[in-house]
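A single chain, nothing else alongside it, follows as structure tokens in the form predicted alone.
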């Protein structure tokens, strides 16, 4: 491990600055395409750079591979990383076991915690919300359905925002969890802002806790998106359960 807080990428030898990037250019595969990729790499600060892989991916209206080329480029950067300047979203609550979560809800809230989960918009990828809610869970942890003191409903995929608001109102949900895996053209950000605005308009300050998650979210963007918490990739059910207790079942709340 290098000493100090200023570091460089590692490729073949320590501190050589070597990185690998991939991208697509709207150019048919061939020498000109490789040259264009190297030009872009140099403008990105990779010097020297080499194209280690390229292949056509179609899109030109004719033979497959005639319109676009995918590249993998390997090269060295001069940029340094200052670890002291890295800002991360720190967890402000302890991780609790399922028994501790159940005890906190039962003793402090005196009723079950009502949780709804869904994928909204056109997102049909339920792997994220299933990992958090379903009994089988994720990464060796049981999902929220395993927690006796939680009433959990997984609404599945492609749930419209108005439908989710209506279901949350009917169920008197304490928390709404939304997973967004489809992120093309920042669809996950637009959908989250729509979600936050709809709940704010329909329920005001009495709205449920809004929690969103997915692989492309910035955990520090909750305020900007209008929700209470954002979880990124690798989040486990235990982290979400612990957060729900932290946010909805404070220690001073009487039973």
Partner chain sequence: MTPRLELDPLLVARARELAARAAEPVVELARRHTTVSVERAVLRLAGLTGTDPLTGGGGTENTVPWVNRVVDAVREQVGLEHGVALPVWHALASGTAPSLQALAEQVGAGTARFTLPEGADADRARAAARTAVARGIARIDANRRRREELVATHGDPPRRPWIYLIVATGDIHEDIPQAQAAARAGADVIAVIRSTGQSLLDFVPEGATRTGYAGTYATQENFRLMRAALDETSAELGRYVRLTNYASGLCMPEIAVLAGLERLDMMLNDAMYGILFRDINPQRTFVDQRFSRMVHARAGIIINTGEDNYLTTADAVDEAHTVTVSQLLNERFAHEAGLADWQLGLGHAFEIDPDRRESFRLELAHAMLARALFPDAPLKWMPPTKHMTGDVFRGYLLDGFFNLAGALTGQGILLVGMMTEAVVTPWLSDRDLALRNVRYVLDAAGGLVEDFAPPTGGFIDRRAHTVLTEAVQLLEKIAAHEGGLLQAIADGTFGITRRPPDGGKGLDGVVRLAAGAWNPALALLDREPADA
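Just so we're on the same page, rigid core means the largest C-alpha set that superposes within 1.5 Å between forms. For clarity, every value in this text was computed on a predicted model and none was experimentally measured. Residue numbers count along the first chain shown, from 1.
There is another form of the same protein, the form predicted in complex with its partner chain; it is not shown, and what comes next is about it.
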- Item | Option from 142-150, 78-86, 163-171, 103-111 whose residues, in the predicted bound form, bring a heavy atom within 4.5 Å of its partner chain | 142-150
- Three residues, 158, 191 and 197; all within 4.5 Å of its partner chain in the predicted bound form via heavy atoms? no
- Item | 4.5 angstroms heavy atom contact with its partner chain in the predicted bound form for residue 51 | no
- Does residue 135 reach its partner chain in the predicted bound form, with heavy atoms at most 4.5 Å apart? yes
- Closest heavy atom of residue 127 to its partner chain in the predicted bound form, within 4.5 Å or not? yes
- Taking heavy atoms only, is residue 20 within 4.5 angstroms of its partner chain in the predicted bound form? yes
- Considering only 198-236, what residues come within 4.5 Å of its partner chain in the predicted bound form, judged by heavy atoms? none
- Query: After fitting the rigid core, is the C-alpha of residue 72 off by 2 Å or more between the shown form and the other one?
  - Reply: yes
